[in-house]
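Next up: just one chain, as structure tokens, the form predicted alone.
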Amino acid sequence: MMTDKVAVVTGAASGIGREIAKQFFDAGAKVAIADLNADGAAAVAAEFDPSGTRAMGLAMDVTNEAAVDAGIEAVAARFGGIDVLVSNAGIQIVAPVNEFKFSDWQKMLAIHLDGAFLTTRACLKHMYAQGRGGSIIYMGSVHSKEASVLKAPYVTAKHGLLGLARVVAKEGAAHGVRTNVICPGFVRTPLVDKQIPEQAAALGISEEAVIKTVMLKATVDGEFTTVDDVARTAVFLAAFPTNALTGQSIIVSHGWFME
């Protein structure tokens, strides 16, 4: 399904990104594990592929233009092009708008939006020149569709990814490049585990209440979305063969949000 395709996954040293990279690798792709944590990225690549023939670790700060451009060039040179980009790198900082530090706002938007733009631009250069099309997948969120308290920059950035994806879908169509957004619900990763006590403190409720009445209240089964759920969706989108599925947002949330 993905045999010999070249995939770049950002934020892939852990969590959702790691599982996406693993499932691409298992499906036959050559995978670049890009992450700010260079040692972590290298360790994941070595775990997937001790021979180093189909996986490589890549140190990448997605907010740094030169680092992104150089990293994507290195992947293309080693593996012979770029077929898939999964723009997954992200962080979370929670606070009320009236208390939110501007520096934290800028950091959030830089990682989520600047990172998506810079990696997209660098990969499109190769996808257009190769003449074999490609797939760009952005990691959105249910917060691409609705809002929650304490998350102004996160919600803003995730909404912004929908706009970027739709523009790239229109521009990329003539080159066979498809672009879609995965919108997960809460996925039990270290990022979410960190949010639970933070939200409990900010909202004045217990951590158990955060899980039950904030994070999972609107799901159909009271279950977290899993990294496997999200990774399977990424492989499906990357392998889809036509422009029939482009410019779309796919919600993976146990029914939290439906449209």
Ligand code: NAD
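Numbering starts at 1 and runs along the sequence shown. As the structure is a computational prediction, the values presented were derived from the model and not from experiment.
Separately, the form predicted in complex with nicotinamide-adenine-dinucleotide exists; it is not shown, and the next lines address it.
Between nicotinamide-adenine-dinucleotide and the residues Ala27, Val192, Ala218, Ala67, the one pair within 4.5 Å by heavy atoms in the model of the complex involves Val192.
With the partner removed from view, the residue among Phe117, Phe100, Tyr128, Tyr154 that has a non-hydrogen atom within 4.5 Å of nicotinamide-adenine-dinucleotide in the model of the complex turns out to be Tyr154. Of the candidate stretches 128-136, 181-189, 74-82, 165-173, only 181-189 contains residues with a heavy atom within 4.5 Å of nicotinamide-adenine-dinucleotide in the model of the complex.
Heavy atoms of Asp229 never reach within 4.5 Å of nicotinamide-adenine-dinucleotide in the model of the complex, leaving it off the interface.
nicotinamide-adenine-dinucleotide in the model of the complex comes within 4.5 Å of no heavy atom belonging to Ala209.
Not displayed here, nicotinamide-adenine-dinucleotide is approached by Ile91 to within 4.5 Å at the level of heavy atoms in the model of the complex.
Contact between Ala238 and nicotinamide-adenine-dinucleotide in the model of the complex is not found at the 4.5 Å heavy atom cutoff. Along 30-55, these residues reach a heavy atom to within 4.5 Å of nicotinamide-adenine-dinucleotide in the model of the complex: Asp35, Leu36, Asn37.
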